[in-house]
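Shown here is one chain on its own, the form predicted alone, set out as C-alpha cells.
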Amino acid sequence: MNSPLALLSFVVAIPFLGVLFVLMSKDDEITRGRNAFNVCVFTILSNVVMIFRIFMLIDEKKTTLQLIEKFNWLDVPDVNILFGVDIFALLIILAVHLAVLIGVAGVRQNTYKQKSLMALTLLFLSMMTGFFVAADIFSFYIFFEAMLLPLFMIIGMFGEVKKQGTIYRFFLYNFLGAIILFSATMIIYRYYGSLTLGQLNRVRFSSPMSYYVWGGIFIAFLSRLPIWPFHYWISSINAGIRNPLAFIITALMPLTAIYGFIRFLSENFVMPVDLYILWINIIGVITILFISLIGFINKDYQYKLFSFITVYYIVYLLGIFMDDRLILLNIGYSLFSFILIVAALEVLSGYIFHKEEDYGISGTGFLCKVPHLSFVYSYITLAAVGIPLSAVFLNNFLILSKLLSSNIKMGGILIVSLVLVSASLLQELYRHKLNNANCPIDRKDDISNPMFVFMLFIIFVLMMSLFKPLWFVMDA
C-alpha cells in the first residue's frame, strides 16, 4: 500500500523543520531557553500525533513494509529513495520519540546552550526516524551515517564527559563502521543494483566476496552495540555522561544495530551469515555475563544502568538470530517498553544525582521525604527488573523461553545476567529508600507537579502495554 499524503516523509521532515524554528526562536536572560524548549516539545508532540495516524493506516499482521513512498534521486546511476514501515519499525519510532521527550523534560532546568541542545536533538530525531523508515540500501546507509553528526556534537557539548579523547575515538570507530557498511553497500549495488531491504535475500556471492560483504555488514552493525570488542568505547562514553538527554540519545544508538540486523538478515541464511551468528552468540553471552558482573559490583549508578541496557540489547540481538516472526514481534513490544523505562530511569536518577551534588550527600534515604519521586522511581525500577508492570515482563518471558529451548546453557547464562543487572537496580532503590534521619532532603526537593503528571502518563503507557501492546490501535 502506498502512503497517502507522503506521511512517512512528513514524519522525517517535521523534526528537521523544528530545528529551523528552534534556531529562529528568540531567547534572552529572562526566557533562558524556554522558547527553544517549547518549540522542541511542540515539534515532538506533533510528530507523535502523526505517528498515531500512521498506526491507524497500517496492517499490523503484514510482515512486509507498508505505506511505500518512492523518490527518484539519480537516473545515472539508477538510485531511488524508498520509504516504508511495518509494525516493528513504527513501534520503535514511537518509543524513540517518547524517550527523547522524556529526556527533553529532564533537562528543562539546564539552561546551558538550551537552543543548541534542542536543535541538535531534533536533528538527531529526524535522522533516526529516517533510518527506521528507510526501505532501500542507499537511504538506509545515508541515515545510518547522518545521525552520527548530531550525536557527536551532543556528546561533546553536553555530555559532560571529562576525557575528550574518548569522545573522538568513540566517533571514529562509529564512523569507520559506517564506512565499512558503505563498502558493502557499494558491492551489493555493483552486482544487484539499487535493492530494497526486502530484496536482500537475493544477494549471493562467491565464497571470498560473500565473507567480505557479510563480514562488513556485521562489523558495521556491531560497532553500534556494546559487545566485545566494541564495549569499551561505548561504556567509556555512557558511564561518563551526566546530561540525561545526552545519555538517552547515546543509549538509543544500539537500536540502529538491532534494526539493521532485522532488515539485512534474509530468511535463508548463506554460509558466512550462519558462521558469524554462531560467533556472535558466543561473544554476546560472554559479554553480558562480564558486563552484568561489573555492573553488580560497581558503585556508580550510571554504569549500573549502562550494564542493564547492554544486557537487554544483547538478549534482544540473540532473540533476533532465532529467526522467528513471533519472537520478533515480542522483541518489538518489549523494546517499546524497555526504551521508555531506560529513559525514565535516567531522568529520575539524574535528578537524584544533581540533588545529591547540591547537598553534598550520598543517596541513602533520598526517597523518604519526596513521595512523588519515590512512587515513580520505584514503579519504573520494578518494571525494569521484570515485575509484571509493563510489556517487558511477558514478552521477555517468551523470548527467554525460545532461547532456552534453543540452547539451555546459553539461556541459563542470560537469565543469570538478567538477575544480576536487576539486582543492581534494586540495590540503588533500596539505598535510596533506606530510612535516614540525617538526610537533609525534604518535600521541596520533590519533582515538580508537571513532571510528576508526565511520569504518571509514562507509567500509564507502560501499564497498558502489559495488557495490550497496541491498545491505542485497537481502541481506534
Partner chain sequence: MLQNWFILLPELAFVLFMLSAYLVHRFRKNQTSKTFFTLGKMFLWVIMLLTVIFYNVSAYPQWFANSSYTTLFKIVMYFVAMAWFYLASKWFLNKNRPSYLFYQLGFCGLLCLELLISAQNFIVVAVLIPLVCLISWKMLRLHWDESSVKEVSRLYAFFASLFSLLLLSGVLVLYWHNGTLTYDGLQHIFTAQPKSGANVIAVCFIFAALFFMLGLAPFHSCFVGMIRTAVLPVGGYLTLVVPLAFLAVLMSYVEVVFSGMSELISPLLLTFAVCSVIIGAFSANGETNIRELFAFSSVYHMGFLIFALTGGEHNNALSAFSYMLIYILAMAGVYTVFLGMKSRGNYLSALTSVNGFSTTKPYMSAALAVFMFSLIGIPPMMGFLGRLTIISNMVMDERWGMVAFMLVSLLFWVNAYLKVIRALYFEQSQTSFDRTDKAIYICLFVNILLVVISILNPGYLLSDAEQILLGKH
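Residue numbers count along the first chain shown, from 1. Since the model is a prediction, treat every value here as computed from it, not as a measurement.
Below, we refer to the form predicted together with its partner chain, which is not included among the displayed structures.
Across the proposed site, P15, F42 and M56 without exception lack any heavy atom within 4.5 Å of its partner chain in the model of the complex. Contact with its partner chain in the model of the complex, defined as a heavy atom within 4.5 Å, holds for exactly one of F296, F171, F393, F290, namely F171. Checked against its partner chain in the model of the complex, the candidates K304, R263, K115, R224 yield a single residue with a heavy atom inside 4.5 Å, and that residue is K115.
The stretch that touches its partner chain in the model of the complex, counting heavy atoms within 4.5 Å, is 180 to 188, out of 87 to 95, 282 to 290, 180 to 188, 383 to 391.
Interface residue remark: Y276 is not counted as part of the site for its partner chain in the model of the complex, having no heavy atom within 4.5 Å. Not displayed here, its partner chain is approached by W73 to within 4.5 Å at the level of heavy atoms in the model of the complex.
Its partner chain in the model of the complex is not approached by E356, whose heavy atoms all lie more than 4.5 angstroms from it. The closest non-hydrogen atom of E145 lies within 4.5 Å of its partner chain in the model of the complex. Shown here without its partner chain, the chain has A146, L149, F152, M153, G156, M157 in 146 to 160 lying with a heavy atom within 4.5 Å of that partner in the model of the complex.
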